[in-house]
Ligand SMILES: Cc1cc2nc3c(=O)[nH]c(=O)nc-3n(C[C@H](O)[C@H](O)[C@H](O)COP(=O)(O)OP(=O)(O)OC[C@H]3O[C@@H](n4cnc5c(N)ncnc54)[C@H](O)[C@@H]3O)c2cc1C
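As structure tokens, one chain now follows by itself in the form predicted on its own.
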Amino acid sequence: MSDPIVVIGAGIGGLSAAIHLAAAGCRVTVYEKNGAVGGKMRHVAAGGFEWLTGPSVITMRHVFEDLFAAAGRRLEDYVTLVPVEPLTRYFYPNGAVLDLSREIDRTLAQIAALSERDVEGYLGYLAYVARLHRVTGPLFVYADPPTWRDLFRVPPRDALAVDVWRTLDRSVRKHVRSPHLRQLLGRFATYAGASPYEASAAFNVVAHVELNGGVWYATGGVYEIARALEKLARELGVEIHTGRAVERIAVEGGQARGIVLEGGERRAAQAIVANADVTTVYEQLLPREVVSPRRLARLVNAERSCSGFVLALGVEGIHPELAHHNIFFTSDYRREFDEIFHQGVPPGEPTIYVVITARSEPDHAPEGCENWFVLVNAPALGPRYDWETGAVTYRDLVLARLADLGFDVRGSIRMEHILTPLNIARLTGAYRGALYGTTNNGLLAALRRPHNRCPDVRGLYFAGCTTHPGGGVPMVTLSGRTAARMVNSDFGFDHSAIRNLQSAIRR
């Protein structure tokens, strides 16, 4: 029997790669260092409360439908995705509240109450991001990593629509004047771990998949997606070993030949897909002699995306003013991103994201209680803030800010779990705790993301949020598809299932 293809890491990208490879007839083995699959998508339960402490917004439903279709299955037989309404409820420092709704008339009525002229601007923005998706989707999302040559194949009129020389914030300002809407639409840069004042306008495409496509919730909790992918992978014959950390990748003659597990056990492999931070793989898993020193230095020294500070709170009482997804904006958005990316400190007045899945799943909290997942954007690990000593202080700051906004839960917390950038780095291997790897700030960031095919080691491929096409559950699912397609192409396996999926997924 031939050696298997080994996948390092059972995050969503790794499971996607394993499913695609197994569907194409390959023997696949997955090794995951944690006790459960899912990567950053984690499930925590305590005291009758349940929290999903990773991704919470699911978009691009068709990506998951096509993943299951590649294996001859139906998504709805494994997990149920239901629409979320409203998509998100936004709270502003001046007391304004705005719901983004799946029903466009409802959204427009609220926008009109803020700024009548921005109704037309918002509709123009929706058309603009839809055009961005049509133009950039085949290039930056659904295909292999783009090159400069690919850019020149885009028709000139469409190339202008990409708006690559403008920042996301400047492109938003072209369409709407209300500071409320500018802040709201600028927020979509954070889905890529970036600043709206530095990320390319091309990242407005993120707004398209949410505002035009809608937001979905997995019945039972978002972690049900990880469970569904694990179930499908096992049905296809994929071996998944949890609690088995990979110590290094064995390389012979410039070719990946296997892995060495903690404890020294070696496992041979035809090829390897690393569902781990690309920088971490280069610095910790690859023999230093096979790595380009310049490439390693460039990865290690690159600016990182933002990280996150998380509070999982079991709260007594019901807060009917809150929706499933809630955003509490800061009064100075630009200062917040300056603190994160330039000062390297957590924001003094952060924007706060609160998810209460008990709104959709009442059994996620005891009767009369709520499960709050509280997320604040934070800098990647660095010398200017010590999370070992500062976590509790920052926790108090976040809760005090919520209290100032009218939601003082400090005296009604039954259960609590804190997750800092330091914890994220330790749990997931994210280099410096950055959620999305190297930064997406900069007008040409999409062309600088690490490739899915390792340039230094033959037979080594990357899947996950630190490689192409980027972060977010649908995107890492696509990264696994891309890595699998490359493995199949390079090794001459039967990849008709992958080819058929590639055709189906371009929409």
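Residue positions are given as counts along the sequence shown, with the first one as 1. Owing to the predicted nature of the structure, the values given are computational and were not obtained by experimental measurement.
The following text describes the form predicted in complex with this ligand, which does not appear among the structures shown.
- Heavy atoms within 4.5 Å of this ligand in the model of the complex: does Ile104 have any? So Ile104 does not count as contacting this ligand.
- Query: Hey, in the model of the complex, does Ser305 get a heavy atom within 4.5 angstroms of this ligand?
  - Reply: Result no; Ser305 lies far from this ligand in the model of the complex.
- 4.5 Å heavy atom contact, Leu427 and this ligand in the model of the complex: Yes - in the model of the complex, heavy atoms of Leu427 and this ligand come within 4.5 Å of each other.
- Message: in the model of the complex, is there a heavy atom of this ligand that lies within 4.5 Å of any heavy atom of Tyr436, even though the partner is absent here?
- Response: Residue-level check for Tyr436: yes, a contact with this ligand.
- Item | One stretch from 372-380, 197-205, 292-300, 327-335 that, in the model of the complex, holds residues within 4.5 Å of this ligand by heavy atom | Of the stretches listed, the one contacting the partner is 372-380.
- Message: What I'd like checked is whether Tyr31, Gly38 and Val476 together line this ligand in the model of the complex, meaning each has a non-hydrogen atom within 4.5 Å of it.
- Response: Each of the three qualifies.
- Of Val238, Val209, Val310, Ile340, the one that lies within 4.5 Å of this ligand in the model of the complex (heavy atoms): The residue from Val238, Val209, Val310, Ile340 that makes the contact is Val310.
- Query: Between the options Ala256, Val129, Val246, Ile352, which residue brings a heavy atom to within 4.5 Å of this ligand in the model of the complex?
  - Reply: Residue within 4.5 Å of the partner: Val246.
- Residues of stretch 264-291 in contact with this ligand in the model of the complex (4.5 Å, non-hydrogen atom): The stretch 264-291, when checked against this ligand in the model of the complex, contributes Asn275, Ala276, Leu285 at the 4.5 Å heavy-atom cut-off.
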